[in-house]
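Single chain ahead, by itself, as structure tokens, in the form predicted on its own.
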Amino acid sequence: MSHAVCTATYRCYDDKADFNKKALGIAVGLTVGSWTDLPEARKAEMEKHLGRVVSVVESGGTEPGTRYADIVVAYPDVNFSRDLPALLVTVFGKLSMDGRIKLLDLDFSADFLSAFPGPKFGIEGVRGLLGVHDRPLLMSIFKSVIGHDLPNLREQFYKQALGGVDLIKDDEILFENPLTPLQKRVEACMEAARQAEAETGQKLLYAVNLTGPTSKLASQAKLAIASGANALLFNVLAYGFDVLHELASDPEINIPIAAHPAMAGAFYPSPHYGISAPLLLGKLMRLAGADLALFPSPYGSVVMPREENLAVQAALIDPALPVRTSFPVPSAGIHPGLVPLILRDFGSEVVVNAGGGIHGHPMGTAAGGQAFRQAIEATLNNVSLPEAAAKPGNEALRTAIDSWGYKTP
């Protein structure tokens, strides 16, 4: 095929189907609609629009519900505009409602990719803003923020900052409200950040939650920046990948964007339906412009299988995609005792993200951050956490291990 195409990979489950016929139905049905009934002259005109079956690989056994095929279909670029909604509707719009079929992956033509600059900062850019190049980053999360006023929010921010974290993010359910409106929230928290930096010497990014009607998101982002914001948090799946793309492509929105995975559970967990986690939370987030991408960790309270987790990470850093890499941020249920597992699985290009593992520390929020920093330092130096915890000055880590235990890779 000489013209540019994007390819979609599906996993289709069916105990009796002719998968080759099914694949052909997808390729034709999602492009020209009908082929065999067209007159020859019309076929010549429509040829450039026709989807093509690339491959059909059958697997599974004879037990009910186990027979499936991985189907790859190529879709001509001429059929859709250069935006993710157009591509997603083309390859999986009505097909997503056609029985047990899951979209596993997408591969894009160079022409399609040319419309997507990807993350403005990516891993190296975020590291450059913080001046941290030799270790994993540490992020903490606001907790119990609904109903708090600005002084309480500022105090919570300040305690987190004193713990040595590199990033602090809003809770994704903190929306615009009379007690902590966006502009005042940014001003208060950035003032606390400056106060903490004067004591710790450490820079940090505050990812303020960007919310509201879609039509006002860009202006809200620019208001946050004018108020001193140095990062944004965005619930991508509630708004759509194209909204993230528009925000990330705006030259006036010149701060990193952290993509939250809220609502992802409606898309990826089923083996039979939806969109795979590596595509949903990895490749598409990165292509749309996420500088940091959060996703459920394989260790904590919202568990994603480790193999699937590492596939998300791989999509975020895959050099084959010609845009900047996105920082992987495995999240949920993380405490200092899990740091050796996180670094084993993700290496040093990772953001260790914790909420309860910082705020729930018996010695307080600042000690929670310190415990993570001590755990990260020990792991990078091949020192076991119990050995590190026994050293003078590492009381925060020792207390964390006593409270939550630790895991050995």
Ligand code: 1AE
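These numbers were taken from a predicted model, which means no experiment stands behind them. All residue numbers are counted from 1 along the displayed sequence.
Beyond what is shown, the protein has a form predicted in complex with this ligand; the following relates to that form.
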Check 169, 260 and 355: does every one of them have a heavy atom within 4.5 Å of this ligand in the predicted bound form? yes
Based on heavy atom distances of 4.5 Å or less, which listed stretch (96-104, 183-191, 121-129, 329-337) is in contact with this ligand in the predicted bound form? 329-337
Even though this ligand is not shown here, does residue 141 get within 4.5 Å of it in the predicted bound form, heavy atoms only? yes
